[in-house]
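The data below hold one chain only, encoded as structure tokens and taken in the form predicted alone.
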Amino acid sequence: MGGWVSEGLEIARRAAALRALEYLDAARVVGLGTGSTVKVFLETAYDKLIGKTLVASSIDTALLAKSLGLSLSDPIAVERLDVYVDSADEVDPLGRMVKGGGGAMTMEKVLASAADLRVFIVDELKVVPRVPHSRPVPVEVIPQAVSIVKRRLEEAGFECRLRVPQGKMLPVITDIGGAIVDVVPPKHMEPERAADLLDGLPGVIGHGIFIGYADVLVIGRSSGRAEVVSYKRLREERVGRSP
């Protein structure tokens, strides 16, 4: 059974990656997210990415792109992106997402905010009725502020767990030096409210609730088909609140 599921996921991811290739045609500067689905996209899109300026959201993605022989630019040298391509841990029908399982959510959000077009590719199992669903929300915190942030969130009804490497006591540290606290908001709390609370909490560097970032969602199916959902209109309606 596990082998069948793995094979179906691989087919779904590849279907989504293939469908997303069309968004690269006119792009010169392309931002890249982090994770296993982005890896599939990079391998699938190799020919279309040659000669383009690529900006990676993490060391993992940068090393993968480099191993494929693709050219990379440091984010500090880039002011805007034509297209940003990423995946999500969970996404709901409104295009709200939970991201950051790989710990790169802060730079992913920075790059996404600088892109003219933002494309997210997922397999069908990532689509949920409402986020967050079964995955915690990663929160990146200044290491010295971990205890204070955890207390403040717990007082607000969040469940909190410091992410640590297996068998270790020290926290996982991200590429940009933050510690990760995985949190579960109160069940009654809307994701918009949770995002606002996290955004306003001193000590928080970034978090994995992404609202208003998806222009295009490509959903890969285990059948080999891919469905495209556009949120462009939703993004325009959120002018003034969107990132």
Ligand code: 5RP
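Keep in mind it's a predicted model, so treat the numbers as computed, not measured. Numbers for residues come from their place in the sequence shown, where the first is 1.
Form predicted in complex with the named molecule: not shown, discussed below.
Colleague: Which of 151 to 159, 111 to 119, 168 to 176, 79 to 87 has heavy atoms within 4.5 Å of the named molecule in the predicted bound form?
Modeller: Selected stretch: 79 to 87.
Colleague: Under a 4.5 Å heavy atom criterion, is Arg13 part of the interface with the named molecule in the predicted bound form?
Modeller: So Arg13 counts as contacting the named molecule.
Colleague: Does any heavy atom of Pro132 come within 4.5 Å of a heavy atom of the named molecule in the predicted bound form?
Modeller: No, Pro132 is distant from the partner.
Colleague: Should Val141 be classed as touching the named molecule in the predicted bound form when contacts are defined as heavy atoms within 4.5 Å?
Modeller: No, Val141 stays farther than 4.5 Å from the named molecule in the predicted bound form.
Colleague: Verify the contact flag for Val137: yes if a non-hydrogen atom of it lies within 4.5 Å of a non-hydrogen atom of the named molecule in the predicted bound form, no if not.
Modeller: No - in the predicted bound form, heavy atoms of Val137 and the named molecule never come within 4.5 Å of each other.
Colleague: Within 18 to 37, which residues have a heavy atom closer than or equal to 4.5 Å from the named molecule in the predicted bound form?
Modeller: Sequence-ordered list: Thr34, Gly35, Ser36, Thr37.
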